[in-house]
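First comes one chain, alone, set out as structure tokens in the form predicted on its own.
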């Protein structure tokens, strides 16, 4: 036991007494996470505002009298661009020079005024380019929005009592139509992002330290002297794994806390503006803490196990990169998962932890699912530690 404490203490001291290491492990990843999310959100909002503020370029064909005045009175910002034929306007749409082409049939106003039952119903055709943001926005605003209002206005001129034709309305006077649990909504939002960031930041941070703990000591020649010391090799293994687990566990708690605190800022607004809040019960906090410890243990075991078979840090990095990619894919899969996960999903290593993290935050995980996930994670981590211990006993594997 004393040997485990000595090795663990040595590895922890190497990190906690180095200010640069402390910054790179615990502070820099959080700063990067907040900066990246804030930047992505800011750029997305700017793009959305740019599209909304764009002055739509319209091409009108056979527009009836009064249409442009009505369009102007609606408050829609637009510019009319003339064209000579259909080929020209199609080219303008393809090249982004025009946003929307509205084609009225000839004598549209007369067809509407003189309509009788059984006559062909006049059709207004609109054309847009869905690959252009401005064009798509113009279509949504005018073709699916304004033209419906125009249709209602023309219908009102034809029918004296419009209310008599209105069978029902939808949410015309229903300000309380949104019913949601704000805490659950906040947990769902966090559940989408948390598994991804825990995976990418926790594993990436532990990867650099873990490879140096084993492969780095081999490369520097200090591993040979450590192996001939009176400390049992099993104690060396456990000491290094526990040290890396402690570092990873602390970093994971910091990452989660930072996400909870800075989530509104990363999403570009306050909790009140976003309509979400995140309140965790003591049981949720306990399950979250236990799972984070288990994840840190598993990731530490994976990294040390891979590093054992490398003789240099560079070689260890090349070995662990495919593992990191696999872990990353499994970690972010839950961002695109809908519906209730099947029970056997919680047997899949790493993927089950992402599901459980999401379920804890959304208050949807069951006790059985949590215990299954925790058990699989700990058992797999323990099996890897046993494999590491056996590798340490092999002179061929530990040879420099």
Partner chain sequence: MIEIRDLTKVYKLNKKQMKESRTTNPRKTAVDHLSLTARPGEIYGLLGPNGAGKTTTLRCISTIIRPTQGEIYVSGHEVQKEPEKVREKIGFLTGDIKLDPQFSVDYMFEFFGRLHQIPEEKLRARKEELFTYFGIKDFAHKKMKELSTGMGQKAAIAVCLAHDPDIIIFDEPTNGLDVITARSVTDYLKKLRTEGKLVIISTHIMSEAEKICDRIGIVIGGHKVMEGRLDEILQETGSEDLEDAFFELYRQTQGEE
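Residue numbers count along the first chain shown, from 1. Because the structure is a prediction, the values reported are computed rather than measured.
Just so you know, the form predicted together with the partner chain exists too; it's not on screen, but the next bit is about it.
Screening 74, 229, 284, 90 for any heavy atom within 4.5 Å of the partner chain in the predicted complex leaves a single hit, 229. Proximity to the partner chain in the predicted complex, defined as a heavy atom within 4.5 Å, singles out one entry of 224, 111, 200, 260, which is 224. Although the partner is absent here, residue 383 sits far enough away that none of its heavy atoms falls within 4.5 Å of the partner chain in the predicted complex. Looking at residue 17, you'd find a heavy atom of it within 4.5 angstroms of the partner chain in the predicted complex. Residue contact check for residue 220: one or more of its heavy atoms lie within 4.5 Å of the partner chain in the predicted complex.
For a residue to qualify, one of its non-hydrogen atoms must sit within 4.5 Å of the partner chain in the predicted complex; all three of 6, 9 and 395 qualify.
Remark: of stretches 245 to 253, 286 to 294, 212 to 220, 315 to 323, the one touching the partner chain in the predicted complex is 212 to 220 (heavy atom within 4.5 Å).
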